[in-house]
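First comes one chain, alone, set out as structure tokens in the form predicted on its own.
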């Protein structure tokens, strides 16, 4: 590239010119910070991280509702290449995870590379320079322009809150808040509160709201499968031992192997699926005595088709005298009256939307323009596709982290992200050691990988007919999850191979 380039650890200045960099990372959550850490340690590429919010942390910055915590053990839900953190319990709280990511920024010297309050407006592939022209806007309205050889999208799957189309919701006179936008001014103490949804966020939040609210109504469209959480705090001796990298590594490997064993359940294999189904059923029967409520809380789909939830206090909270379990979706709102699909109405002061995220069609895709003016959102108009779950044909020198078929329904997302980081680093190594300027996976390779995903998915419980965010709503394809184990994902996609790629020469080679 030509122009005034920044280097490894230089700070990106704030003038209005075009800043030439090697790698532009969009998003400062786990994936973006993991990528930044690896680049900082390499010291080969100049890079910048564009983050639209005022702090790092991604999902764990945005979600601060009461009870927020991880449902993957802490030692598996953290970077293997970072020193073990001093986790207080088996499952870390949201605050602990955010602290961990902020400490990563401090320890790895990433702050000088991160531009906060700087939102991606558009990234466009420029044929002439074989790079990405990127425009971003700061909170004060000022603009930034970058020319990057490589673009890394690390916007995640849980960054855009989904609010269902509910008639009259806009006219509700009380507070309406999504779980991902929780704030201290949400007035639930002594209030009449409605929670819409019974997914992963709701099962953590509902027990806390049940204690604070005068009345709590839980609107449930589809009953979830819930298994015991069985969290516990580590003793001082355990915490000291787990700070040893070797001990922490052994625990991480053990947890990974145990979690991968659960993939047999997702294939519907016996006796594995029978055992997890029985575990959920027994948990429900132990905690809910009322046969009518128990029946309402019994799912009518195969276990694992939707996310299996972990909780020890969700079922008990539904049986409190101030809690109403409404076994149907919220249908409409008229002033302060919320009407369920069953026809029942409730007077409410606060509506909490535990309704998930726009994960199948990430809004950021509409801001990325590849070859011939094609937007990533257009390429994904029939559902997300990729090669190696990381690259997309028609979008050279671009890598997507935690995107299509890169998540798991049974194991740690961080392990998957680390596998993708290895792939991206291999591609950067290839670009840096050759005269290749544009590295683009072929359409044929992407199509073949998509067929492979579909074939792997066909026998899983995720395609047994339930309404799940794992599955694209239009195509019916499994587009969020990798239909295999974490280990098989690394075996398949952990090493960069240039063979499926179309390459073109670096345009700056002629100037050297």
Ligand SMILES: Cc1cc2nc3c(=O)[nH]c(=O)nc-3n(C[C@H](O)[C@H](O)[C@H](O)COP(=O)(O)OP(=O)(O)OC[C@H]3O[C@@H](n4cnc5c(N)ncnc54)[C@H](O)[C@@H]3O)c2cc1C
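None of the values given here were measured: they were computed from a predicted structure. Positions refer to the first chain, counted from 1.
Below, we refer to the form predicted in complex with this ligand, which is not included among the displayed structures.
For the residues 221, 307, 277, 375, the 4.5 Å heavy atom test against this ligand in the predicted complex is passed only by 307. With the partner removed from view, the residue among 70, 487, 40, 466 that has a non-hydrogen atom within 4.5 Å of this ligand in the predicted complex turns out to be 70.
Relative to this ligand in the predicted complex, residues 386, 438 and 503 are all farther than 4.5 Å at every heavy atom. Just one listed stretch, out of 40-48, 59-67, 446-454, 476-484, contacts this ligand in the predicted complex at the 4.5 Å heavy atom level, and that stretch is 59-67. Contact between residue 357 and this ligand in the predicted complex is found at the 4.5 Å heavy atom cutoff. In the predicted complex, this ligand sits beyond 4.5 Å of every heavy atom of residue 281. Mapping the unseen interface onto this chain, residue 367 counts among the residues with a heavy atom inside 4.5 Å of this ligand in the predicted complex.
In the predicted complex, residue 262 stays away from this ligand, with no heavy atom inside 4.5 Å. Along 99-122, a non-hydrogen atom within 4.5 Å of this ligand in the predicted complex is carried by 118, 119, 120, in order along the sequence.
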